[in-house]
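Shown here is one chain on its own, the form predicted alone, set out as structure tokens.
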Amino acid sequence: MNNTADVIIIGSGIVGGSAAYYMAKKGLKVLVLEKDMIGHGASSRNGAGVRISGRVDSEFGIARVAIREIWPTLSEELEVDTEYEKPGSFLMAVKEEQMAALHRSCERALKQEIEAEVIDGDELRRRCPYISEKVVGAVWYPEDGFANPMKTTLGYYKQGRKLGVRYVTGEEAVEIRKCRGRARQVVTAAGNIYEADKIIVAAGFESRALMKTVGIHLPFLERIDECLITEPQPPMFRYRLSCVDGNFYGHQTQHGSFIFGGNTNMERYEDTYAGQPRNTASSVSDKARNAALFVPALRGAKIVRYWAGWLDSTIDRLPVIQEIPEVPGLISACGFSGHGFALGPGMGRLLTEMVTGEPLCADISAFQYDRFHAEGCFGPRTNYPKV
């Protein structure tokens, strides 16, 4: 009987952990399967941004729920300091031709009733003197911030345990089985079988192989994400920084260290990963140079720690959130493409509503997996959103 539950969640990251917590608050019996340690995947290997900015329209709904309704009081709710702060962010451009993208980002935010303002480089440096003279402009987003990914994920874990959530770590899910047409069982590598009325797959990139066991193909790519941490620095600024082309983001933590990362577009050509996410000498140096480009005061700062992780990156960089029509009882909550940490608390609430049948707090119609299907004689769909 210990192998049965109302809901099985595969994956213990912030999406799976927050869902388990909110479901337990509703009185549901929840079992979480995790093949490694709690939050071992992207939830502990990300840049810690909690941003409402820079999102396509379909993501704004979940982002609003998470950032306006949950994050501000989450430390008190979880009884842990998540280190959440909302000092605002600057989305920057280093070339005049990038300013058009900044204006588009600002216009999109304003249409969604999100405060935003385009400023030039001089005004940016008046507000934050540490920014390089090479930056020509930015968009100011006052609702953006950051938090500590591991402390937040572990906070959901601890509070979920208090409410009766059962976590089974070191138990790798390898197959989902149907009974009478419905998803009903999860089989693990150890040969154990767990049963529930609902099965939620929130296992990041590994969700792809699990969904295939019931005939559902999700077009994910395994994309690397890397972050670097400096030694503690004198207090400089609390803003979150990012670049419009995606090759830099970062902020200074409560402890004085800077955390930063970004994509150099060379990561996909590395041949040294050997099936494991890892940093390389070239990528670390590239990211360090970018940090010094945007914040010259970081030149000479020592890198004391770095990490890498896989992203479950879909072709349109949007998640798949849906109870799969072909497999009733199976809910997909994956494919967040590097956007999932900030959305995590909102996703926990949303998945709970999906399971209990309550009205959903956000529109998920853009996240149906059948958007990837071919369209008969008209050929495959090609109008994926630009992000």
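Note that residue numbering follows the sequence shown and begins at 1. Computed from a predicted model, the values in this text were never measured in an experiment.
Heads up, the form predicted together with a small molecule isn't pictured, but that's what we're talking about next.
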Would the small molecule be touched by all three of L31, A183 and Y194 in the model of the complex, meaning a heavy atom each within 4.5 Å? no
Of the options L330, A63, A48, I321, which one has a non-hydrogen atom that comes within 4.5 Å of the small molecule in the model of the complex? A48
V139, L241, L210, V295: which sits within 4.5 Å of the small molecule in the model of the complex by any heavy atom? L210
Would W310 show up as a contact with the small molecule in the model of the complex if we use heavy atoms at 4.5 Å? yes
Contact label in the model of the complex: V15 to the small molecule, heavy atom within 4.5 Å: yes
Would L350 count as touching the small molecule in the model of the complex under a 4.5 Å heavy atom rule? no
Since only the chain is shown here, I'm wondering whether Y249 would be in contact with the small molecule in the model of the complex (any heavy atom pair within 4.5 Å). yes
Among the candidate stretches 220-228, 95-103, 74-82, 108-116, which one is within 4.5 Å of the small molecule in the model of the complex when only heavy atoms are counted? 220-228
